[in-house]
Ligand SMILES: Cc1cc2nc3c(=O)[nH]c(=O)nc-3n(C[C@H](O)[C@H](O)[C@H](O)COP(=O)(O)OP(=O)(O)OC[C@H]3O[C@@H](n4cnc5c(N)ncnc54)[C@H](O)[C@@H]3O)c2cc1C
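What follows is one chain in structure tokens, specifically the form predicted alone.
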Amino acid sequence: MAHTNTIAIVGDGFAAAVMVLHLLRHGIPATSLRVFGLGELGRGNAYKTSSPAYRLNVREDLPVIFTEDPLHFARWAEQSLNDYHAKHEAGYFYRRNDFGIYMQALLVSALGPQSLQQIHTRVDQIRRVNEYWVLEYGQENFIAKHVIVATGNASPRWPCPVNSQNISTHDLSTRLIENPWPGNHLIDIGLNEEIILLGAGLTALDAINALAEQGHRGRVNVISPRAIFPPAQAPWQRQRQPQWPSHLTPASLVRFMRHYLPSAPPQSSEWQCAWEELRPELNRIWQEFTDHQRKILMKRVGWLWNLYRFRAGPQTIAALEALRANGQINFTIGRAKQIMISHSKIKVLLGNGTELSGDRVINCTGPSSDPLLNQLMREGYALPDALATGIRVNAEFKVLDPKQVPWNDLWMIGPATMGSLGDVVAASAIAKQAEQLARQFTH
């Protein structure tokens, strides 16, 4: 039976939660919604962590859920949390787990006496049958007229082959940490173990912060193409509005940004103020570029964008510097080519021939590709975006078919829209998408 009045929302993390929240706020009854996801709605990969060392990398005024009330989270945190470690001169950087509690509190408040139906499963396939969408999970399916894909970032996967012959499942799961985001692996780590981190972004810094809080004494080997971590968040405020030139190209955009940014170091307030002043217009500029121009831009400065876009919380950087001062942090330039695990040690072979050994490997390379999005592309319902990191959507978040015609009943929000729409990774950007999409269901 087709659920003609039902909006199926695929996902259980932040993107799915804010989508539900804004639909409820725009008068869509909970009985018209079905949520598909294995976990607690609002937690997802980012906010279900069990580690108190995992903190938001933005200060308290930046996760904006409601456009008309941008400081809602800041007020809630001040009233509800007792986290004196969150305070820093750059702002309050609260635990990620507490932000998950906040999201669940918002949902409870928005639902009131209503109950929300969540089917605790992972959707394997989405297919079109006549004028409906069929969501397949296991041996069952659900038929809906409207589908919103809000799966967020897919769980990390190993970036290289893993040779694990004659190793027990328990050894594999405790010594090779493929997905470190939940943080439940940390309690098993011995204080003197030698740790290998694949990657040097925010996930690696989370691991380092957690190790430091546990009093880790062993060496931490970081494998990355560049021996650099993201800088710490500084106290910044937007003070002026850049006068953008017209008819920008990737080259002229880079020149303008370089000219606008001061010669101060990226960890300084002066530099970060200027950087944040540039960001509000970047999505508009990105959407005006052709696919070819987007590829050129990301090829030239994509790694720098990710480095300075994903700045770290000050507490995390302080932990890094403490381990550095003890001589525990060691950088190795390269990329992992193969991981080999034996009963005694784990070896990581790099593409340049270097070999490292340790007691535990933590995969900090970030999100993997989304199997559901891959299925939609493979079966001809969607096409990849310019960067091949997600599927293509238009400005109304409608998924485009291979002829670039938008589906009128299939949408996507969240970080996978970045290739189409620009800088869509922060909580506030995703919440704004949900808010805008919810309005489409009330007109």
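Note that residue numbering begins at 1 and tracks the sequence as displayed. None of the values given here were measured: they were computed from a predicted structure.
The next section is about a form of this same protein that is not shown, the form predicted in complex with the named molecule.
- In summary, among the residues 418, 30, 58, 376, the only one with a non-hydrogen atom within 4.5 Å of the named molecule in the predicted complex is 58.
- Contact annotation: of the candidates 365, 153, 221, 293, the single residue with a non-hydrogen atom within 4.5 angstroms of the named molecule in the predicted complex is 153.
- With the partner omitted here, the stretch from 252 to 260, 118 to 126, 160 to 168, 326 to 334 that lies within 4.5 Å of the named molecule by heavy atoms in the predicted complex is 118 to 126.
- Residue contact check for residue 43: one or more of its heavy atoms lie within 4.5 Å of the named molecule in the predicted complex.
- Taking the partner from elsewhere, residue 372 is found to have a heavy atom lying within 4.5 Å of the named molecule in the predicted complex.
- Using a 4.5 angstroms limit between non-hydrogen atoms, residue 185 is distant from the named molecule in the predicted complex.
- Within this chain, residue 236 is remote from the site of the named molecule in the predicted complex, having no heavy atom within 4.5 Å.
- For the marked spot (15, 36 and 96), a heavy atom within 4.5 Å of the named molecule in the predicted complex is present in each of the three residues.
- For the partner-free chain shown, nothing in 384 to 410 comes within 4.5 angstroms of the named molecule in the predicted complex, judged by any non-hydrogen atom.
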